[in-house]
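Single chain ahead, written as structure tokens, the form predicted alone.
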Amino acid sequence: MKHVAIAALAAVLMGGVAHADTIKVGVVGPFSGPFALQGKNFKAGIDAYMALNGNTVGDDTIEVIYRDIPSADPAQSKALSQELVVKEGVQYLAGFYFTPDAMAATPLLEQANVPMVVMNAATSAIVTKSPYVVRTSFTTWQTSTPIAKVAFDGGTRKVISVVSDYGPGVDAEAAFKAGFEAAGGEIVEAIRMPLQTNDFSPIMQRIKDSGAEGVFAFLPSGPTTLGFVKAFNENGLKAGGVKFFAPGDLTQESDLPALGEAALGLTTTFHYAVSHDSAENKSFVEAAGKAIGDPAELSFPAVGAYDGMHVIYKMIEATGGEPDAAKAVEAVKGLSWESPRGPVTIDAESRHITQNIYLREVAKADDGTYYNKEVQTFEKQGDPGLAAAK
């Protein structure tokens, strides 16, 4: 039955999706529920790109169709992706905030003749699941590896690792461990929490009891990261001198007003800060700020979506608007451009994005607002996790 269903899907797709004046892009993400702000950022990045670059490529008009997955749900992701392709006739799939959702949709791509542009999901292995996957976000290996060097070079020798127990969390744990131990540091304990964890007091007690000088943490951005950082401060770890190391998910800009003074001085490594000083970013922040409504809600998923649309536009241009996934993906291998985050390239072999990773420190601006201040640049970082994913 499985083979019959796939064959039927292929027949509908190959016969039913013909070149038209309107090219549809299907975006799957969390547009309601606890992670709705991340979906809102997807839409803000897409709207900003289309506001600055128009809604046409050649003679074709681009239409974006959204589908909502409030939290990680692989079965729903696959069903909605199939619906977008079969019923809506989309020529491109994009978005995917959570790794399990992106993974679940990859088996559809080759039969459907549809590329996928991952705008957030951060497990290294996603790009290995289909030759039609391109990523414009980051991976947790890519953003977590530099912070290990920062921790060791700053004098920390013993760290406890605390991560959410799913693909990106496991990747983040492995990346930090590899970098920190290679430098000469010791991971005294590694804790993996269920993805739904929201009471962090027991975790904070384990950190205290471990005797570690620092904690490395990764959780998916949203209510959980805000809760974790609050608990770190409220349980006295920051005041007690325990150093905090994490990728930038833990201090996303939209959380900083709620964290306030407690966030000051927290260091993270990440691919983007809203404060990034460039002409491209100023234009992006202005357009995305208008699109999202409240500029204080602007965060990193918006830039992944913005650059994702750039890649999709280039694919459409290269194929003349025709449905040809192989040609579309081939056209963006090695593509380089100046993103709001800095110079980026789609690696020709992996189809993952090469980019600068920045060491950031939470600082307070003259107007009293908090922001991630870039203090160091790790240039042209690929994804160290791809070797581990093979």
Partner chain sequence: MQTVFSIGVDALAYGMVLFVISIGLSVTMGLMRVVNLAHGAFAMIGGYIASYAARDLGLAYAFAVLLAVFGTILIAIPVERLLYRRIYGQPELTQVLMTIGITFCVIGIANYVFGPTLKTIPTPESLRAPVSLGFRTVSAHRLFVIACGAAVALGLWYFIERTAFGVKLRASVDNAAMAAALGVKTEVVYAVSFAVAVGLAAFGGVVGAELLPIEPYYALRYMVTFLVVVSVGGAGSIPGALAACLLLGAIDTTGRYLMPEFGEFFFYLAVIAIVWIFPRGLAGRAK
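Positions refer to the first chain, counted from 1. What you are looking at is a predicted structure, and each value in this text was computed from that prediction instead of being measured. We call the rigid core whatever largest set of C-alpha positions still superposes within 1.5 Å between the two forms.
What comes next is about the form predicted in complex with its partner chain, which is not displayed.
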Problem set entry | Exercise: residue 128 in contact with its partner chain in the model of the complex, heavy atom 4.5 Å | no
Exercise. So in the model of the complex, does residue 273 come within 4.5 Å of its partner chain, heavy atom to heavy atom?
Worked result: no
Exercise. Is residue 191 one of the residues lying within 4.5 Å of its partner chain in the model of the complex, judged by heavy atom distances?
Worked result: yes
For this session: Although its partner chain is absent from this view, report whether residue 286 comes within 4.5 Å of it in the model of the complex, heavy atoms only.
Result: no
Problem set entry | Partner-proximal stretch of 170-178, 113-121, 273-281, 233-241 relative to its partner chain in the model of the complex, 4.5 angstroms, heavy atom | 233-241
Exercise. With its partner chain left out of view, which of 149, 157, 314, 206 would have a heavy atom within 4.5 Å of it in the model of the complex?
Worked result: 206
Exercise. Of 295, 265, 320, 202, which residue is found within 4.5 angstroms of its partner chain in the model of the complex when only non-hydrogen atoms are counted?
Worked result: 202
Problem set entry | Non-hydrogen atom within 4.5 Å of its partner chain in the model of the complex for each of 37, 196 and 226 | yes
Exercise. Even though the chain is shown alone, can you say which residues of 232-258 have a heavy atom within 4.5 Å of its partner chain in the model of the complex?
Worked result: 234, 235, 236, 254, 255, 257, 258
Exercise. Does residue 230 show a Cα shift reaching 2 Å between this form and the one not shown after rigid-core superposition?
Worked result: yes
Exercise. Residue 200: CA shift of at least 2 Å between this form and the one not shown after core fit?
Worked result: yes
